[in-house]
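So here's one chain in two forms, each on its own in C-alpha cells, numbered structure 1 and structure 2.
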Structure 1
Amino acid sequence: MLNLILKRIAAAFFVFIGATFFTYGMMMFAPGDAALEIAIARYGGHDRVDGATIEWIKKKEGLDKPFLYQYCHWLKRVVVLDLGISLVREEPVWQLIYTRFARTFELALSAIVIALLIAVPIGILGGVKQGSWMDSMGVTIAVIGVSMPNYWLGLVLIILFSVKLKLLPVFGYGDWRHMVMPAITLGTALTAYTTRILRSAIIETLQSDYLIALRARGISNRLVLGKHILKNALIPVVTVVGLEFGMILEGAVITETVFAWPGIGDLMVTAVSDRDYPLIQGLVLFTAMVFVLINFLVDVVYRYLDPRIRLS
C-alpha cells in the first residue's frame, strides 16, 4: 500500500507540473489582450474600460513580464500553498475554488448515489434475467438515458416538477429539494452507462467456469450472486464510476447553468473567458488533484475487490 501511495505522489507531481505549465502556456499565447479581457471582466464590460485602466492592470498584475517568469512566480507561491488572488474577482483563489467545488462535489456525489441506486438493481436483474421484459426495460432506460442531453432533460424536469406539479424549486441552492432535479439530470447518463456495464459484466461472469464449480459444491444461488458474481462484476463498474466522475464534473457545467447551481462549472467557464490566470491555474491544479485522488481510490477499491491485483 505504501508503495502505491508513493508511486501516486510521484505521478501526481508530474501531472501537476505538466497540466499547469501547458494550461499557462496556452492561455498566455492565446490571441488577444489578457489585460483587456481582465479589465472587461472585472469592471463589467468593454463599455466600462479605458486605455489607462488596461495599462494599469498589465503593469500591476505583471502581464508585461515574460511567460516563464510569470509561471515560475506563480509556482513559487504554490509551493507555500498560496494560490494567489483572482484577477477578476479580487478574492483569494483557494476560497473561490473551495466554496464552489464543495457544492459541485455535493451535486456530483448525489448524482452518483442516484445513479448507483437505480443502475445496480436494473443492471443485476438485466444480467441475471437476460432477455426478460425487465432486461428489455433496463436496456431501453439505458439507451434513453445516454441519448438525452442534460440541458433538455433539466428543462423537462423543471416543467414537470416545478411548473406543472409545483413540487420542487426551479433553481437555487439550499435544502434537499434544490438538489433533486440537478442530481437526477446529472446522474441520468451515468445511470444508463453503469446499467449497461453492470449487465454485460454479470452476463460475462455468469459464463465463467468457476460458477459451475461453486454450484457443484452446493453453494446457494443467492450466495453465488451476492458474493461471487457481483463482486467480480463490480470491477468494471468501479472503473466507470471513477472515470465518469470527471465526466460528471464536465456535465455539471450545463446542469449548473440550467438550475443556477452555484458550483464550479460556471467558475471554470468564466475563469477561462476572463483570462483569470491565477484562478485558471488554481482550478487546473485542484482538478488534477481530484483526478489523482479518484484514481488512487479506484486502485484501492480494485485491490479490495480483486485479490489478483493485490498479488501482482
Structure 2
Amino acid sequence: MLNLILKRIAAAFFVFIGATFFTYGMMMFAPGDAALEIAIARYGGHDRVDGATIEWIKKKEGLDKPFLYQYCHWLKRVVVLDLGISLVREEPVWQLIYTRFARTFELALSAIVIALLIAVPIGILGGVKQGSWMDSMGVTIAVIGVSMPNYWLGLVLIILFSVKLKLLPVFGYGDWRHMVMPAITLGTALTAYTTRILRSAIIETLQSDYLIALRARGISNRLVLGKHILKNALIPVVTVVGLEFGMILEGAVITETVFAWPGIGDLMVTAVSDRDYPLIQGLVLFTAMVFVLINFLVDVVYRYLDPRIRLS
C-alpha cells in the first residue's frame, strides 16, 4: 500500500505540472488582449474601459511579464496552498472552487445514485436471463441512453416537466426539485454504460469453470450469484462508475449550462471566457487532483473485490 501511495504521489506531481503548464500556455498565447477581456468582464463593457485601465491591470496582475515568469510565480504560491485571487471576481480562488464544487458534488452524487438504482437490477437480470425479454429490454434501454445527447435530453425534460406539466423549476439552484432534471440528464448515460458492462461481465462470469464446481458442491444459486458472480462482475463496473464520477465532478459543462446549475463546469466556462488565469489554473489543478484521488480509490476497491489483484 505504501509503495502504491508513493507511486501515485509521484505520478500526480507530473500530472499537475503537465496539466497546468499546457493550460497556462494555451491561455497565454490565445488570441486577443487578456487585460482587455479581464477589464470588460470586471467593469461591464467596452464603454467603461480605457487604455489606462488596461495598462493598470497588466502591471497589477503581472500580465506584462514573460510566460515562464508568470507560471513560476504561480507555482510558488501553489506550494503554500495559495491559488491566488480571481482577476474578475476579486475573490479567493479556493473559496470559489469550494462553493461551486459542493453544488457539483450534490448533482454528481444524485446522478450516480439514480444510475445505479436503475442499472444494477437491469444489468443483473439481463446477464442471468440472457436472451429473455428482460435482457432485450435492458439492451434497448442501454442503447437509447447512450444515443441521447445530454443537451437534447435536458431540453426535452424542461419542455415536458417544466413547460407542459409545470412540476419542476426550469433553471437554477435551490431545493431538491431543482436537482431532479439535471441529475436524470447526467445519470442517463451512466445508466446505459453500467447496464451494458454489468450484463456482459455477468455473462462472462457465468461461463467460468469454477461456477460448475460451486454448484456441484450444492451451493445455492442465490449464494453463488451474490457472493461470487456479482462480486467478480462488479470490477469493470467500478472502473466505469469511478471514471464517470470523476468526469461529473470536474464539471458537466453542457448539463450545468442547460440548467443554469452553478457548479464547477459553469465556473470553468465563465473563467475561460473572462481569461481569468488564476481561476482557470486553480480549476485545472483541482480537477487533476480529483481524478488522481478517484483512480486511487478505484484501485483500493479492486483489491477488496478481488484479493488476487495486487496494489503495486
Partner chain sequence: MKQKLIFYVLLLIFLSTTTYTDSVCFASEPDELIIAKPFGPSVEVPDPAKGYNGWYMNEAGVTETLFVLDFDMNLKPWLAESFKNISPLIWEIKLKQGVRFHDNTLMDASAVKWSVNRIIDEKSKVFNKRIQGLLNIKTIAVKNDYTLTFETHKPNAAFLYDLTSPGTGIISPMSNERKIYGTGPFILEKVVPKVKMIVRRFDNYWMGKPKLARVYLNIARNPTTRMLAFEGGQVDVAVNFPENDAKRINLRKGAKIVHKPTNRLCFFFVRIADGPLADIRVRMAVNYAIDRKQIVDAVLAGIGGEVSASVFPKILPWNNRNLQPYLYNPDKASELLTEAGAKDNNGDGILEINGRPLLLNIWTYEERASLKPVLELVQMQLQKIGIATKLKVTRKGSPINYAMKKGEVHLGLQMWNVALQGDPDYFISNIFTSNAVANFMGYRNQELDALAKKGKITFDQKKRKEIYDRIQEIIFNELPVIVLFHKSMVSALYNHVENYEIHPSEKYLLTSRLCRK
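Take the two forms, find the largest set of C-alpha atoms that superpose within 1.5 Å, and that set is the rigid core. For residue numbers, the reference is structure 1: its sequence is counted from 1. Just so you know, these numbers come straight off a predicted model, no measurement behind them.
S.K.: May I ask which of the two structures is the form predicted on its own?
M.R.: Structure 2, which is the form predicted on its own, differs in this respect from structure 1.
S.K.: Once the core is superposed between the two structures, does Ile85 show a C-alpha displacement of at least 2 Å?
M.R.: No; that C-alpha moves by less than 2 Å between the two structures.
S.K.: My question is whether Ile159 is one of the residues whose C-alpha shifts by 2 Å or more between the two structures, given a fit on the rigid core.
M.R.: After core superposition, the displacement of the Ile159 C-alpha between the two structures reaches the 2 Å mark, so yes.
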